[in-house]
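Next comes just one chain, in structure tokens: the form predicted alone.
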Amino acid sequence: MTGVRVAGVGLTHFGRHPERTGRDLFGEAALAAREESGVALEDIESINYGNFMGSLSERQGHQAPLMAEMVGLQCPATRYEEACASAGVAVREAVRAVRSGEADVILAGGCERMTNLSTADVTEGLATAADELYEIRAGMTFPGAYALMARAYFESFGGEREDLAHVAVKNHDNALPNEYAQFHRAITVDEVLDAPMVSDPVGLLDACPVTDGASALVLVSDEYAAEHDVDAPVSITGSGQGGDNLALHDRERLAVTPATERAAAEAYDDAGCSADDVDLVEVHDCFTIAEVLAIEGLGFYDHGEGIGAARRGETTATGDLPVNLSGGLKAKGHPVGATGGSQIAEMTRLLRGDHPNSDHVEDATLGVTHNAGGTVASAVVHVLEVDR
């Protein structure tokens, strides 16, 4: 089985781009990844493309061949949809294809265009990642769903809103130097606590923004990299995927995320590592409570211990385990179909040393990315390692 290397990464600025189309955004990211990789365009054998709500936001289905066209290719192209984990799954399937020997070069990533819609329409579109029969018809939205998870956490393990506020403050601080981030504004704990309440205990500054953006990666086999002298020091050495019941009422507990635990166990086993070996992590913090659930599900903290990690400084840029040095979904932004690819692009930059926050982890050799769908009914975890 061959190894898989990240030969090139490409990102658009994450933010409001209502005047641009999804095809335009993905084309920018994909061509940037191809240029950075130095791989010949004609060597790309297929495209794995993540997108969640393009059929709603742009009335455009069958997007994958369109995205191939934007890159200048007519190769096989497939769209992957797994809610907010769409790009994570697209990358995972690319990793599996390269490892198996089916392909040597795959372009993987994703895109979402959202800010052209009203807030109500975005909320309605995102809600389709929940259970239509039992949750959406009852009026469930994702701020409400994560508020239920936060309440369950507080009741099971303790904690308070101020603990969550420190997560938001940390991630906004991390986003400040990131040129691709949506927000370049520091916030305070008091600002988070005083922000309008969306669904108690989730306030406005506990939530990620609505975002347009795209991400892309050129993945190559070890053999291709060696034969073509491709400079690709970062490898994806572990990949895992987990699942859970879709609707919250069908789960035994709301304060834990078994899908993350299952994905992490598979990824760690695949890479031959454990949570103790991880130097830094990018997690799916669509809401501040989601970061807490993620760092516990990934095995960095016991249940009930992760809530105070940011407040104690353990997950800050200078802490023992930096979390979301990119700014995370909270401050970098969350173009749903692009996020999983963006996390791997950011982790690659951090490990290579060319990210504005790389100085905080200059000796790091192993990082983990965590991409989740819905209320973590789906989770994808990747382990990345850098040659030193």
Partner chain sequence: MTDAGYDEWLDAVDDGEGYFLACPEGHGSLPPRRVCPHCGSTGLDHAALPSTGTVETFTICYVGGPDFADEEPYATAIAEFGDVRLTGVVRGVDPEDVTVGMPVEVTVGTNRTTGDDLLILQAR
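What you are looking at is a predicted structure, and each value in this text was computed from that prediction instead of being measured. Positions refer to the first chain, counted from 1.
Heads up, the form predicted in complex with its partner chain isn't pictured, but that's what we're talking about next.
- A heavy atom within 4.5 Å of its partner chain in the predicted bound form is found for one listed residue only; from E124, E93, D270, E314, this is E124.
- Between its partner chain and the residues N116, T128, S199, T237, the one pair within 4.5 Å by heavy atoms in the predicted bound form involves S199.
- Residues within 4.5 angstroms of its partner chain in the predicted bound form, judged by any non-hydrogen atom, belong to 145-153 and to none of the other stretches in 304-312, 228-236, 145-153, 176-184.
- Residue contact with its partner chain in the predicted bound form: Y134 places a heavy atom within 4.5 Å of it.
- Its partner chain in the predicted bound form comes within 4.5 Å of a heavy atom belonging to G139.
- When its partner chain is considered in the predicted bound form, R251 lines it closely, a heavy atom lying within 4.5 Å.
- The closest non-hydrogen atom of T78 lies beyond 4.5 Å of its partner chain in the predicted bound form.
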